[in-house]
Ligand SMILES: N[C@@H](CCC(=O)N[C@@H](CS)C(=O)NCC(=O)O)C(=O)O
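Next up is one chain by itself, shown in structure tokens, the form predicted on its own.
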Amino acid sequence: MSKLYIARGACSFGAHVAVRELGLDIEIVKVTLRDPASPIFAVNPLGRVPTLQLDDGSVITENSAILPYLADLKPGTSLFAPAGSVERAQIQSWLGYISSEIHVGAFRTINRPERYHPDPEAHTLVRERGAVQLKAGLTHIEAHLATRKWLVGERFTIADAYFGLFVGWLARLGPEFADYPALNAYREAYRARPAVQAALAFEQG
């Protein structure tokens, strides 16, 4: 059986949600991160999640690769779109934007400033710059969602499976990230999905 390696509260949540939304027969394996003894290193030398290990031992890493692969296991799923279609390209565009601008470009800067500057005294400035980047990214998405419920095609897709996690993280950042009406509505719609609730229950259990 294929295995999806995830960690509690990590960016692997999107892939975890996608597996449940698609009803795929894939084992979800919860591991720890930044722990040399974690079994994830035996599968992915980088020690990152999500990591998808297939039946034949092949390994796929990175959300931008794993999410489309999972969706393609269910041809015709509403979570993706046919090859060559504009909607498929739009979904992949959002995956790229979320990964580069929201995840790595902003949240990683805020959550792990030591990756960007070795001096602890500079970490506050690094986090502040990350917050500026995050606000810029969120302002773009807030405007996009002002007239729609989901990112593409008025339906939940793999792009939403990925992005919903980060919208949930905004509450950690304080009141300056509370004034996003469209994103707040998006967060509630995301959390109401049974697959999201099941994934949360599994990870927190």
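Position 1 is the first residue in the sequence shown; the rest follow in order. Treat the numbers as computed from the prediction; the structure is a model and nothing was measured.
The discussion below concerns the form predicted in complex with the ligand, not included here.
- Heavy atoms of no residue among Q133, G174 and R187 are located within 4.5 Å of the ligand in the predicted bound form.
- Picking from 31-39, 175-183, 153-161, 136-144 the stretch near the ligand in the predicted bound form, with a 4.5 Å limit on heavy atoms, gives 31-39.
- A heavy atom within 4.5 Å of the ligand in the predicted bound form is found for exactly one of R127, H103, K74, R88: H103.
- Not displayed here, the ligand is approached by C11 to within 4.5 Å at the level of heavy atoms in the predicted bound form.
- Looking at N63, you'd find a heavy atom of it within 4.5 angstroms of the ligand in the predicted bound form.
- Contact between H123 and the ligand in the predicted bound form is not found at the 4.5 Å heavy atom cutoff.
- Though the partner is left out of this view, H117 does not reach within 4.5 Å of the ligand in the predicted bound form, counting heavy atoms only.
- Contacts to the ligand in the predicted bound form (heavy atom within 4.5 Å) from stretch 77-110: S99, H103, R108.
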